[in-house]
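Encoded as structure tokens, the following chain is the form predicted alone, with no partner shown.
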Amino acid sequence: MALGAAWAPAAQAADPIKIGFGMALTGALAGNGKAALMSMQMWAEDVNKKGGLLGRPVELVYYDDQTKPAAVPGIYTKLLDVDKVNFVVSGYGTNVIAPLMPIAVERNLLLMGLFGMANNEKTKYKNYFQIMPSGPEPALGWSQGFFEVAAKQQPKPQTIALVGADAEYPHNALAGAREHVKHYGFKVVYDGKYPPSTVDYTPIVRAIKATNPDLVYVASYPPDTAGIIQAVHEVGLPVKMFGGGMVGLQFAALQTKLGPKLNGVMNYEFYVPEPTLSFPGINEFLARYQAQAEKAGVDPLGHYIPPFAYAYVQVLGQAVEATKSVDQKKVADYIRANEFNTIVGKVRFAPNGEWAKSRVLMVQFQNVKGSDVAQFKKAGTRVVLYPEESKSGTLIYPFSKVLK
């Protein structure tokens, strides 16, 4: 039995256009999955209030994938063969998109992806489009900003330490970072990994400190992100730039836990509430999302995944309206050839289905005081340093200045 459907009275006269998907509503990624679902429901409400798509209401048909990739083939087979959905979109994350790709290819489906890392690298399926703004070369785009900012400093930093968990994401992120290291001519003085089960990060930070690097690039998951930052403050790390690829700092839970310890840390982001990223509709979306977030038990900020979950169905809806069709090929051809205005800005896709141009932000935490979540809803605590067109502040340099 499908878990949900959503449409409004203004658009009930015709058969619905059904959009089917699995989503992590239980399991390890349930927090992000629930936030994504809420955002997609907000989009469906908005569309249906205006009369739907092609005069037909939009219906979201979804099942809990339990954060289990093995559940994905069964869910999508049912969506297509039993529920007879018009379109499918992915659930949240690389691991659930991977088992969906063969189904999309076999049935020649248009597939919108939500936060998948390089899922189409091997398949090169032309009807796949992914909304995370990591660009046509995700591993490089992920850390481009960290290294471009570093290379512009005078005198130019010379040495770098690379460190990350021994797991899939850090492997990919560090592989991209190493390419940048070569390109910009930095010297690697430390290149280490640690088991994901690590609890005490103090020995790792001490080992890095002993090599006296100018830069430290970290690729970590939320538990190690918190542990490493706490160890940096315990040990002291007199470096010029620190951070880069730390997962978890995009969410209120870690931001409020670490508070002022975040000042000076650089990290990737996809959206922050800076005036240079004030896209049409984003503020209204966030106000509605944040008003519902506490009751729904999801991230109270909603800056990371929610706007992009809204945007990837926004792209699909705009393409359906433009082509006046629900034909998979016509809609996919249109998405491939056109640019879209969304609440996360203008989106155009590269031939491999990733954003045509990376817009991974490099931000620096500044002006963080205490643990009040409200400060992170405003401009000024995550200043954008890269890309240039989104820049909203100036780098505090060196990082060691804020540790004193």
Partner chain sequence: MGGNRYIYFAGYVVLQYIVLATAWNVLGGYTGYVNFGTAAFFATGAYSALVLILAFNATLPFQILAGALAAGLLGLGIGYLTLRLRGVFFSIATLALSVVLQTVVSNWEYVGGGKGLSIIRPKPPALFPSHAEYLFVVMVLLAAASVALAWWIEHSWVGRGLAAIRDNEEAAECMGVPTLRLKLFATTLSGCLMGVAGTPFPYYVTLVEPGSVFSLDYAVNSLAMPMIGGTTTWVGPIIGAVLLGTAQQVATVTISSELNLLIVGIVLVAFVMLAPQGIVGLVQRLFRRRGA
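None of these values were measured; they are calculated from a predicted model. Positions refer to the first chain, counted from 1.
Another form exists, predicted in complex with its partner chain; not displayed. Remarks below refer to it.
- In the model of the complex, its partner chain sits beyond 4.5 Å of every heavy atom of Ser325.
- Contact between Arg56 and its partner chain in the model of the complex is not found at the 4.5 Å heavy atom cutoff.
- The closest non-hydrogen atom of Lys330 lies beyond 4.5 Å of its partner chain in the model of the complex.
- In the model of the complex, its partner chain sits beyond 4.5 Å of every heavy atom of Asp46.
- Listed stretches are 302-310, 146-154, 272-280, 119-127; the contact stretch with its partner chain in the model of the complex is 119-127, by a heavy atom cutoff of 4.5 Å.
- This chain is drawn without its partner chain; in the model of the complex, the residue among Asn338, Asn367, Thr26, Ser371 with a heavy atom within 4.5 Å of it is Thr26.
- Contact residues in stretch 55-84 (any heavy atom within 4.5 Å of its partner chain, taken in the model of the complex) are Tyr63, Asp64, Gln66, Lys68, Pro69, Ala70, Pro73, Gly74, Ile75, Thr77, Lys78, Leu80, Asp81, Val82.
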